[in-house]
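Quick heads-up: the structure tokens below are two forms of one chain, split into structure 1 and structure 2.
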Structure 1
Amino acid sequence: MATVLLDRVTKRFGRVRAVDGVTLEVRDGEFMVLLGPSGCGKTTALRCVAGLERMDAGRIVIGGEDVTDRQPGRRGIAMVFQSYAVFPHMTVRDNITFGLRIRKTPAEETRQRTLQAAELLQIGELLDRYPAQLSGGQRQRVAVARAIVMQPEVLLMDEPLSNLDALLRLQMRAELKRLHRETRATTVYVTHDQVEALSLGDRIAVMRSGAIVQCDTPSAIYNRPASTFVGGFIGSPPMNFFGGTVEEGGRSVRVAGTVLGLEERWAGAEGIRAGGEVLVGVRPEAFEVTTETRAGAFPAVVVVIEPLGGTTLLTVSVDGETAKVTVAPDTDHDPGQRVWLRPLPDRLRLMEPGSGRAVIPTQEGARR
């Protein structure tokens, strides 16, 4: 087990800065998720940690030791690849023991650790098969077993679930979580799937264009996105943003012609000026929906109704802008119906319209 530090890491491909001065500290035993859209540099960052990419600048420190110039095999890491990268010309057993054999581990210890890893991944009866005889899910398990049998200080995973079908992915996701609890290896996990990130991560580092835009716990990322990008990328459907004007010196904001009262913590926050423009960010589930007008609620027209089983998703039009609202499945709505939306004051976020950066309320600011 060890900490991992990416220290101002930069990696260029030609003129493109795939990773642009990223600094990230992963704590001992932590499950860190790198999350972002494709091309944001998350996989490149992971490959820098593994030593598979030559960095243009920066350092990688693992367990307090600078490993920047070390070969991948001398960094105390193990990696699970997106394509699994299981060796096709070896049996499952030889795949799992490969790294131990390279390290010249004694035969008896090799045997024991192999059985242990195979048991942990429930592939004990597949040991004498070749990868071609395995299903995708089983190959995935072999790849994970091959990594954890090394008892790595740091386990790196590059979208390990993306090639599995939906049901298997759900199952494997829970298994990875259990595995992490049992091995407690510091884990860096790359994914573009926000649900995976939210469910697995102790913390999530959201990346965009080669930089980390927010690194925090899943609930903080979800509830207090640091920018419109994070709010829009995480959550399905994403966070809604409404243009508004600050009034009464920051005690209220006017959206769609309606005055919404703000909690006190917004009043003194940086970026909040009377008459200034802000974006009001509200999660789809953070509305109270009524069919009659009431204080602090703005009008909207229902456009589409999608029952999703557990909830019902409404697409509504607010002043010509589209918004998504989730409501309880038993509520009765019709297309064209006029409704009033009241954002829950404690779930409401304010963003600067130009930069998209979140406004930090005073109390949160004090808490940090």
Structure 2
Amino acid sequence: MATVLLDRVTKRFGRVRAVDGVTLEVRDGEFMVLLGPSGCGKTTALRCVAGLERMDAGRIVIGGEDVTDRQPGRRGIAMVFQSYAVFPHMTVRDNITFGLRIRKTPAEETRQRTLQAAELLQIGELLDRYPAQLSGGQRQRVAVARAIVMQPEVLLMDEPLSNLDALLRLQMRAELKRLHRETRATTVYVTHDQVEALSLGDRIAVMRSGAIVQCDTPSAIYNRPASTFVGGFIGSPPMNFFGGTVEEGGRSVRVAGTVLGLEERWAGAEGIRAGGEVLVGVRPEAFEVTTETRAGAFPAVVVVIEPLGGTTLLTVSVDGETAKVTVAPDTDHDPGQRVWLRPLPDRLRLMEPGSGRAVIPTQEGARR
């Protein structure tokens, strides 16, 4: 195991900066997720760590050693690709042992490490089968086993679950979490799926346009997004944003004609001034929904009702803008019905309208 440092890494494709001066440290034994929409540079950054892309600037340090100019095979890494990349003419056993045989690892050691990896991935009974005889999830396990059997210092994964159906992805997420807990290999995992990121990562680095816009724990990323982009990208449904006006020196904000009280931590925060405009961010589950007016609640009209089993998702209209709200599954609502939404005061996030950056609450009373 080893730390991984991306130090001001830049990679260009023509005039496009796919990775733009990224600096990121992955701790020893950490599961780091690179998350972002397609084209944000996350896979290119991973390939720079692997040595599959030649950088235009910056350096890669693994285990305290600068490996920027080393070939991929000499970096102490193993990689699992988006496509399974298993050899169709080889058995599962031969696929797993391929790298060990290239290294001329002794036969008995190869056998033991293969059995250990197969047992860890729960594919011991499949060693004599060919990839065509396996399901998609089993083939993905073979690809992971082939990587970990090399006992790499760093394990890199490039959207390894994207080709699986929803049920298999759910199962494989649990398998990968168990695998990391048992091996404690330093892992860098690329995905565009925020559910995977929240489920798997010790920390998440959210990327946009080749840069990291926030790096923190899953809880902090979800509850304290650094910008409207992060709040709107993380969460299903994503965070709602309402235009508001600050009143009473930052002790309240007016949204849809209703005054919402703010916690003391917002008073005096930079960007909060009386009469100033803010965006009020609220997660769909952070509302109290009633059919009668009450203090601190603003009106909305139900547009669409979507039963989701454990919850019901309401699409509502607030001053002509749509928002998403989750309620209990046994709650009765009808399209066209007027309801009142009361955001939970401790779940509000305030954002700057122009830049979209989060307003940082004052230290006193701030929830960290």
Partner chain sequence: MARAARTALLATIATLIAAWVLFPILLISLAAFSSRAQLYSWPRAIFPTPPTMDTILFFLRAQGVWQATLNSLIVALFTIALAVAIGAPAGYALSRFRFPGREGFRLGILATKMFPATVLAIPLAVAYIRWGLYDNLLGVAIVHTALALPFAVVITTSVFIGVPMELEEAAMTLGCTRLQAFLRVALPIALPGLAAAAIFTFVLSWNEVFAAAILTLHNRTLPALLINAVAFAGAPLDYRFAGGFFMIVPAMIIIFIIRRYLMTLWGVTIR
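These figures come from a predicted structure and were not determined experimentally. So that the term is clear: the rigid core is the largest set of C-alpha atoms that superpose within 1.5 Å between two forms. All residue numbers here refer to structure 1's sequence, counted from 1.
Here the form predicted on its own appears as structure 2, and structure 1 shows the other form of the same chain. After superposition on the rigid core, the Cα of residue 181 moves by less than 2 Å between structure 1 and structure 2. If you fit the rigid core between structure 1 and structure 2, you'll see the Cα of residue 91 move by 2 angstroms or more.
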